[in-house]
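Here's a solo chain for you in structure tokens, the form predicted on its own.
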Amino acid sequence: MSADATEGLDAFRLRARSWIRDNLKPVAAGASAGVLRNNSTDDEELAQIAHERELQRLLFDAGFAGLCFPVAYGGQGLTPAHQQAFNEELTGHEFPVRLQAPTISPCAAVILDFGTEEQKLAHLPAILRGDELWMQFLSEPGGGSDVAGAQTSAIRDGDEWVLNGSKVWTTGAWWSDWGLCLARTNWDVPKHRGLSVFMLPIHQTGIEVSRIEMLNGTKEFCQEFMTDVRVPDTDRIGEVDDGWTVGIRWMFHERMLHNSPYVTIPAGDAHAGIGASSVLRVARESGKLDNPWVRDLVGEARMLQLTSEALQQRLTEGMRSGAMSDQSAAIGRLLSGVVSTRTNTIAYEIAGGDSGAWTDDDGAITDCGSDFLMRQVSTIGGGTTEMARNVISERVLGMPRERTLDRDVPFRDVPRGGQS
């Protein structure tokens, strides 16, 4: 949409600021700190999810949901600059966090890029209203980060497909509605050429959702077992056997995450677990802020945050203008994993012995030890940092492709281990 057809940025910012202050509750600093902390019961989490659906509907009714989605699909048809302005004004307030990733990005973004007109009209407005929560069925027990090595099979049966297999590490599948699933539709071609993408309701006959307990007690990650799940061909996204074309764009949206023009999420580190402000609170509440070594660590955390924000802005602007390849999103993915891991380590080092044992009254120090043990989540979830390094070297820097033994080999002939 042309600039003349959109609301001026300054006027929009003022309108957004006024609406946010009148309708969204302020949140305490550090309220979302931590790495997948186990802070609520199942009933409490379901209540939080219901509340976030209501928040998303509130945004939708006020004209602030899907700012960069086309009007035809329930969005506002505005620019990424409008979304950025809204995110900046949103800092310090509640927002529907669970609906942003992966529901809106990458799932809704993939539907927008590759869905049929019927699929877009059926699902995008429902997502933007908060009626549908989506998860991505990508990783498999025997595949690790090799997404293209999917062994979940989809066999055509008339106007339907029959899916069998297992997906794993699906955050929140137990409370979500729909899944975006990558499956194997052709075993007689190399692995990247025999994939297709499907949409399917998660809670249906033939799908068993099993929750996985992590070392800190959280059970957000799930494994799904699919047995003769029937999916109509009208719920296929993209062409048959061309799922990797969809997958490349899918993973681009996943790497963009908080920098996506589609997501509504506070600017800065207010939403990002342990950030520089959290490290500062740990130093202050542990009584170590006057220690020169601790002050250096606080400064390092702040430097990492500022550097990360500047890089993400440069990447977003470069990809938006076409000056940089969209594969450059992997650079931001790599840095976000490195920064998150290091920042959690800094908080742990500052907390010292208090990170080994704590009570709920220990403020910012609480759970620093668990966060340290869980810190590698940020280098695995959303695509591993190892895969990001491969993408950067091969698709951004143009270095030779890493040699693989399964290239140009029919997938059924590739040696592999069984799925658990």
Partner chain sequence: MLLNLTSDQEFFRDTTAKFLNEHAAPTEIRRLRDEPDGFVAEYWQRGAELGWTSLLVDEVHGGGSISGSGLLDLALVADEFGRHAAPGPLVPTNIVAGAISELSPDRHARVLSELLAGTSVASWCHLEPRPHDGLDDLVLDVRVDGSDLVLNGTKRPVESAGRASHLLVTGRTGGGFTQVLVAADTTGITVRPMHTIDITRRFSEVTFRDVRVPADAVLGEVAGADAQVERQFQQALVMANAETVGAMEFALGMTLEWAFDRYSFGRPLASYQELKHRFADMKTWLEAGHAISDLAAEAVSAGSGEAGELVSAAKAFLGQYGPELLQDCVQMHGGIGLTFEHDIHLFLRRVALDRSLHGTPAQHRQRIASIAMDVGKAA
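On a predicted model such as this, the values are computed, not experimentally measured, just so you know. If you superpose the two forms and keep the largest set of C-alpha atoms that fall within 1.5 Å, you have the rigid core. Positions refer to the first chain, counted from 1.
Not pictured, yet referred to below: the form predicted together with its partner chain.
Between its partner chain and the residues Ile49, Val377, Leu55, Cys68, the one pair within 4.5 Å by heavy atoms in the model of the complex involves Val377.
With the partner removed from view, the residue among Asp177, Asp241, Glu94, Glu285 that has a non-hydrogen atom within 4.5 Å of its partner chain in the model of the complex turns out to be Glu285. With a 4.5 Å cutoff on heavy atoms, Leu405 counts as touching its partner chain in the model of the complex. Heavy atoms of Thr41 never reach within 4.5 Å of its partner chain in the model of the complex, leaving it off the interface.
Taking the partner from elsewhere, Gly369 is found to have a heavy atom lying within 4.5 Å of its partner chain in the model of the complex. Contact check for Gly158: no non-hydrogen atom falls within 4.5 Å of its partner chain in the model of the complex. Considering its partner chain in the model of the complex, the lone stretch of 109-117, 127-135, 86-94, 343-351 in range is 343-351 [heavy atom distance within 4.5 Å]. Using a 4.5 Å cut-off to its partner chain in the model of the complex, each of Gly142, Trp293 and Leu311 places a heavy atom inside that distance.
Contact residues in stretch 382-408 (any heavy atom within 4.5 Å of its partner chain, taken in the model of the complex) are Thr384, Thr385, Glu386, Met387, Arg389, Asn390, Ile392, Ser393, Glu394, Val396, Leu397, Gly398, Met399, Pro400, Arg401, Glu402, Arg403, Thr404, Leu405, Asp406. Remark: with the core as the superposition reference, the CA shift of Asp361 between this form and the one not shown reaches 2 Å or more.
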